[in-house]
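Each of the two blocks below gives one form of the same protein chain as structure tokens; they are labelled structure 1 and structure 2.
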Structure 1
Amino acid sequence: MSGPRSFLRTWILSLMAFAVLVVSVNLLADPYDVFGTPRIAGFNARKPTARDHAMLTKTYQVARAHPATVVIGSSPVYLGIDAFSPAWPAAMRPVYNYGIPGGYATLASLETLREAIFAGGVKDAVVFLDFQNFLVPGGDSAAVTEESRRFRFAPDGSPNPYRPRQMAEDMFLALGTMSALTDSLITVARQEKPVSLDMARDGSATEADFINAANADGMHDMFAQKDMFEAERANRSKRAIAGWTGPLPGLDIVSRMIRVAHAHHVKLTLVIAPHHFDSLELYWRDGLWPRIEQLKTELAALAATPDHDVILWDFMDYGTFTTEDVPLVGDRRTETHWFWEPTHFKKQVGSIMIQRMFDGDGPAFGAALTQANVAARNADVRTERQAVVCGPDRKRPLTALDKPPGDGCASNGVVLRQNGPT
């Protein structure tokens, strides 16, 4: 055989052999847990790259998990709620963590809630709500997103017509692309690292990113950096919501959550997620506190829909778990107990919340909100804040955020009222 002929033959055979190899590697390593390939310790048990494809991974996972309870929300749920936590009452297990990291709006929570409920078998749904998502008018559009094409069910509960095509694309993405191959190799390579990212079958994630960052940079830097982002975000929210009257944007999505849960006899627990002191103070100083109180009041009214099994919990307060001190600048050793940074609570806090909500037990933290007690609760939280911020310690957030309207403490230590959005 002449040179070029055998060259071309060798080339095409090698190409096909390599292709088969790549597909096999991707199928075996299954980096996004799309195929549910058996997890083998030391080979593919951990899924360090699944986080960046959480919507993909979790929608396939939840179809296999058959949970009795789903936890819905964004990254605080994804990172802070352990589906395997001993705090879950036996009756609520198995639990699936359907928390999706990344900047998803409340609409995504409604969609994932529907997806989990339509599959049947779910008796309890716990939905964590992000305060800032209720400050963006028009933030939730009704467009068909790439993610929603993947769901098994259309919004009315019928089979989703887009799904077969999307599944084909997903299979292809997970088997025949460079990213999948890279992620497969990373998956196999990162198994033995003491702290590696993972996404378990129940959707729970390890906090590896935070642990590694804390080891490298220290907690101070993590808070300081996130404070900056939060300050920018709060500032954007402030401008977006300025002059808004009537119920907060996005509340209608919560109503739809309540309706879908009710229709399928699912007990719904709505949770206003806790924030660290730094972040709370940021909202205060940006004049957003009345909006927080408005949200609590309006959610309490929604939760009071007659005959509907809805419970509302509020953890957005100035309690023990949210007001711990952040290590000083330069201190890279001291660890915080409850928060990784101002918006992400640690798993311990997640477990305490589960205990509080479903066991009726645990340390003082948060409160079940009703229409009857919401006004008193709002007043209580202000009092808590006054004690922390205006008391003898005069606690200050990490970042220098002293700008109008100031900390709200009069020079004699009496809290000033913050009435309307400024």
Structure 2
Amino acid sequence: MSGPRSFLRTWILSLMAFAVLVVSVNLLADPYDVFGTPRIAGFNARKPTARDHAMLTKTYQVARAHPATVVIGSSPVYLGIDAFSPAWPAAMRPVYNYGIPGGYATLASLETLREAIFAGGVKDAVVFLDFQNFLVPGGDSAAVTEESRRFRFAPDGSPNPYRPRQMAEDMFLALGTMSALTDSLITVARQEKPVSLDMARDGSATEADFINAANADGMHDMFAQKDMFEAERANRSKRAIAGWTGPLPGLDIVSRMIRVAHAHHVKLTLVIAPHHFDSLELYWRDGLWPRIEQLKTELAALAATPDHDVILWDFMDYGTFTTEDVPLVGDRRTETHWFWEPTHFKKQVGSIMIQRMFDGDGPAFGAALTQANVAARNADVRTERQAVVCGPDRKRPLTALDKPPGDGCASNGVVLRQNGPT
């Protein structure tokens, strides 16, 4: 009988020892930066697998960071805004980048804003808005997801009853699973890789994915692939928003952001994110530009809420930074300066936007929108487009946009709006 007992005891002790080893390795490597384990160069300083668990990572990071300023948005913010940029005024530091890669609805911005505020210390919030989210009725579902279960509050603002259980699941995921062990080993193995994914303690990310893709495929192919995705997205939006009347979808969520920020004495800066004109032309050609102008007008009205500290900036135009030429097909060497592809701006653009918004300095780019100037701003952007797309030195987007309804220009170069000449 001693044989089976001895084997069972050895097996149990071995299993326990292995479990302790797994937990120890995962705690030391901390691949998702859940525990804030000290980062050691050459061992766990970089977090190459954190991107795949960005909401998990950032929810625990922001609770430790207690930033004075939080920047919120989707993948362009995640990649294009450097929380440690010298462009940030001293009074706004430390800054935390709460940008989340992947699909991202406006409701998630409200949830992450609440989470950052209640973590403590936030005085300024900079929320980047993706215009596409306002062209899809019903696009912001209040359904409870794994991501929303770990927040302090449910989507409707009530205390979140799922949080304790989700935090326990998070601890198990980060400490006791083989997937975490695999990611811990990847974390250690990729420390010396020259171009590696990483998510810093301030939420900023490296642009390794785009750098590697540009080296492999060239900038032209990156733009062309994204244009195909955006063309389908624009067509879906055209069908979804057809016949819509009243304020655009999602504006009620922006109103809730404004109320949350005001209630906690947080200065709120709303930002209409920039896009390369390749992307803008797709929405123009599908007849959606009046909706984009409607969005700017309605956001300007919301920002004018009396006694609320809200500023609205618009960087969606046809200016220098958004109309740079894209390398020709087959050219895998030439790099673009300002955009990785039509919807993801580079960190250089991010720093220029920070300068424009908070230092009043830097190159001419974007405009602060108010109810008084939004109509003029919309007209100015149409004029910019005429010069870029219809003028004598007209630029051509990469996509096959010569199909009906044409390029929006008459033979004499006059811009054609969706409802006729201007």
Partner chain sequence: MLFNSYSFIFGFLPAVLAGFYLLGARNREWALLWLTAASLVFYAWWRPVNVLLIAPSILINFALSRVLERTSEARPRLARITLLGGIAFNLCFLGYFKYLNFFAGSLNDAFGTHFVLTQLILPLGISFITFQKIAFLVDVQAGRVSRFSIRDYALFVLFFPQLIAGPIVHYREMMPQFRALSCRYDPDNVAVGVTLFFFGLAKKLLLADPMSRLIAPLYGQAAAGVPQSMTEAWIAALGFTLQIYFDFSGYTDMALGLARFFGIKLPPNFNSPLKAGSIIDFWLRWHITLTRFLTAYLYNPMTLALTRRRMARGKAVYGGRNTTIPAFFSLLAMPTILTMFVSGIWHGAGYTYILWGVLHGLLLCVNHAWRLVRPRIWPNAAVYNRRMAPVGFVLTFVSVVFGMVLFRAPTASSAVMLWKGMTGAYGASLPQAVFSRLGAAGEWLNTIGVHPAWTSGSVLLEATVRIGVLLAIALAMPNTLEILAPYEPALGVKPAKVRPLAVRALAWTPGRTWAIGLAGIALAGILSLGELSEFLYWQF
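All values reported here derive from a predicted model rather than from experimental measurement. Rigid core here is just the name for the largest C-alpha set that superposes within 1.5 Å across the two forms. Residue positions are counted from 1 along structure 1's sequence.
Annotation: structure 1 represents the form predicted in complex with the partner chain, while structure 2 represents the other form. When the rigid core is fitted, residue 19 shows a C-alpha shift of 2.3 Å between the two structures. If you overlay the core, the Cα of residue 8 moves by 5.3 Å between the two structures.
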